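To begin, one chain is listed below as structure tokens, in the form predicted on its own.
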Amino acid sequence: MGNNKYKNKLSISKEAQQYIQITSPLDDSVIGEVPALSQKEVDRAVQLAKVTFRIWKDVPLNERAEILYKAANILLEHMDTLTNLLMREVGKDRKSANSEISRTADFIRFTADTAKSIHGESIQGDTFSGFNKEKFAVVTREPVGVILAISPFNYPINLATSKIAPALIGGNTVIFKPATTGSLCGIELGKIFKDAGLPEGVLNIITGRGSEIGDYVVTHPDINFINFTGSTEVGVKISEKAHMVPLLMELGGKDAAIVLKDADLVFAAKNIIAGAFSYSGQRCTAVKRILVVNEVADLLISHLKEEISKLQVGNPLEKQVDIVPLINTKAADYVWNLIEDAKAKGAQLIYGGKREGNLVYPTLFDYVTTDMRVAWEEPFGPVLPILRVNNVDEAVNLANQSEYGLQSSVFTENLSDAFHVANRLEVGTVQVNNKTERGPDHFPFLGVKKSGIGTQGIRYSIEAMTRVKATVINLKH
């Protein structure tokens, strides 16, 4: 990509003199730099979004939708360039990068389609006791204003778009703060929306150091809604600071794969390994622990070992791989500390346990106990603990002891058992006979407990970032 300065023409002032270098997790090479905005520059961006909102909210829905359709087409036209940027900036393998871009284009199109089907309603007064037909309400949806969209590093195009597209189609303007690693992708995404015809000031990208502008923009008085994906730690801090501002948050997870004695173990093993180690486990919905009934644990592990041995490890620029270097040294150190803690406390290493720089090899532990950190903490890396249980009740209770509640999987051939477990699990989504994952994107996606606030999914996101308005008509005679 070269050492280029990516400047966001939508909101970044020419006065910005400071830049942050962006390095690749694959080889630590500098691949670009982004402006480190000041608080005054953030003020200007927010003010621009606030002023532009008064115009954008009145743009007809079909015109807003047409811009989104064009953005989806342009995104696909830049598939090769964006794929290479994703690989260099966040370490994606080529297949995953391609998938992220094509999925994002589909998301944008479906967002435009869905908005056209969200209609208002009228309510007659005589449907409630004591009132008559002379009173009725016209119920419409209106945009909430300026949306602050904060995206993480791991899906810098898709998870940014999952906030931006529903906000825009709803008539809102957006302040978009990408993760620092991922900012180059975020700026390219902004250019695509601009090329699609999005007016100046509707989408405003701010880049910079969290210590300088992070807390500042979260508490800005002209932000009307915050849509955040990231760690629970940061999400809690935002919720504490953002007084009376609506929140939509996707936070951490400790997704469990519960394997019952009648499960198809070959099928379960394939799904679990794919769900745990894709993109080195750097996904909120990655399978992060296995809770397996003792009767079938040994046989499941034999299948898991077979599947994990098939994973390709290395640099995605050199070959198609499953396990890539983690995003930075801090992340690799954290995962390695979890591995060392499990070893020290007696977990049985089944596979892996090897590290080369920030490249941590896929690691599988058996006989993990509840006093080990890896049993509870989210690794965001390629380490998978197996906790053996005596029965389904013990599995459910152990799953529910987590502070997180994003997703869980249950593998069983008995549909009644599947529903029994699903009804008791304290999570936003239960996957029956499948790995934990996000999507399809029009399904509801949410977390409970410390895994999130509110519900995402295309229709749900549009509704979250618009508000109901009732106009009550009183007829005179």
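Quick note: we count residues from 1 along the sequence shown, nothing fancier. Quick caveat, the model's predicted, so the values are computed rather than measured.
The following text describes the form predicted together with a small molecule, which does not appear among the structures shown.
Heavy atoms within 4.5 Å of the small molecule in the model of the complex map, among the stretches 78-86, 190-198, 175-183, 112-120, onto 175-183 alone. A residue is said to contact a partner when one of its heavy atoms sits within 4.5 Å of a partner heavy atom; residue 211 meets this definition for the small molecule in the model of the complex. Residue contact with the small molecule in the model of the complex: residue 380 places a heavy atom within 4.5 Å of it.
In the model of the complex, no heavy atom of residue 246 sits within 4.5 Å of the small molecule.
Using a 4.5 angstroms limit between non-hydrogen atoms, residue 322 is distant from the small molecule in the model of the complex. Although the partner is absent from the chain shown here, 238, 253 and 445 each have a heavy atom within 4.5 Å of the small molecule in the model of the complex.
This chain appears without its partner; in the model of the complex, the one residue of 365, 228, 277, 225 with a heavy atom within 4.5 Å of the small molecule is 228.
Proximity to the small molecule in the model of the complex, defined as a heavy atom within 4.5 Å, holds among 342, 72, 202, 159 only for 159.
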